[in-house]
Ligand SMILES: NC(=O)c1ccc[n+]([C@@H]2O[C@H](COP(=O)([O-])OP(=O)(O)OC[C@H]3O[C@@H](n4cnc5c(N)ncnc54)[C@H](O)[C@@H]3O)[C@@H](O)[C@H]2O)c1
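This document starts with one chain, in the form predicted on its own, laid out as structure tokens.
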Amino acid sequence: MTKSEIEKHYQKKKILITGGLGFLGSNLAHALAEKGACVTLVDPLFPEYGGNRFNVAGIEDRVGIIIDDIRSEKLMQSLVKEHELIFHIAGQTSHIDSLKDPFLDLDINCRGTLILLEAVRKFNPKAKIIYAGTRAQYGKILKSPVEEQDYMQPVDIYGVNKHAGEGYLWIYRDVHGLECVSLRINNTYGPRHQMKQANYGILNWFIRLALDSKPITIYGDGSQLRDYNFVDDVTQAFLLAGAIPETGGQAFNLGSGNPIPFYKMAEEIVAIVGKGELQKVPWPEERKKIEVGSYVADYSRFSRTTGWQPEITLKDGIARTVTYYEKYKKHYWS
């Protein structure tokens, strides 16, 4: 699908984004607003998570904003009506926090997803749902690169509940005929990411540490491979998943095609920022227990289905991210 075809597809399309003031949701909102879509964002703006009103600066008058929680059944029943596409991005995304408060993770990532699916089943069964899955669903990696049909053994509560959330999609697809797609999203970084703490997105957090001239801590030797996707590439993946009919009913990996050792990613940040330093320390026990080792994704299924290819290199993406936060630091640091 060409860029002009995508533009035409989304013009005046009625779209709901859960987690719309967060990192992925707000970047998607900007792209859709530019294409003339009719976008509604729902986000609870929980202070410890990534929702930020500044994330929609420049498009406030082109999107509807509802500050509320997806776990409200009445809210979701009213919101899903009339929307042709629903991007379900809201979620608890911290591995560590999921172990500290497993019931909250369960409530948001499982019950919240079920509330959305039930609302769609009852009030708008023709809507297409695009679910923000995660590489954490795979857990310990048994072979590389990882393909969609590979065995899944999540190592933390977050991975288990996100996998369960995706499983609910397939039940509602098979039993109730809903059109659902899951994108198993990779390590994503870029502008509009929260920068208040390390639990949500380590690459962006390393950028903050470097900009603040603080040491960047590497656990172990940092040799494990990681894929990283710049947020613009992930946004394009969302757009294609929503626009192309052949994506319906499927799960897809996203990836970069250029995995890099973890410590080299940190070195790249220090080199681009021009500040900061690396410090290697032993693995903390709580982190060591949930470390999955190297992760490299095979995203060829999504590429064959949609034509998607990541375009932004890690070096370019880090440079763009640094430029953004140098300009808008005051909106993200406090």
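Numbers follow the displayed sequence, beginning with 1. All of these numbers come straight from a predicted model, not from anything done at the bench.
As for the form predicted together with the ligand, it is not shown, yet the points below apply to it.
Among V181, A210, A90, A237, the residue placing a heavy atom within 4.5 Å of the ligand in the predicted bound form is A90.
Of the candidates N124, S256, T247, N187, N187 is the one whose heavy atoms come within 4.5 Å of the ligand in the predicted bound form; the others do not.
The closest heavy atom approach of I108 to the ligand in the predicted bound form falls within 4.5 Å.
Among heavy atoms of D69, some come within 4.5 Å of the ligand in the predicted bound form.
A residue is said to contact a partner when one of its heavy atoms sits within 4.5 Å of a partner heavy atom; L45 meets this definition for the ligand in the predicted bound form. Among heavy atoms of Y49, some come within 4.5 Å of the ligand in the predicted bound form.
Figure note: of the listed segments 77-85, 212-220, 171-179, 128-136, the one touching the ligand in the predicted bound form, with heavy atoms no more than 4.5 Å away, is 128-136.
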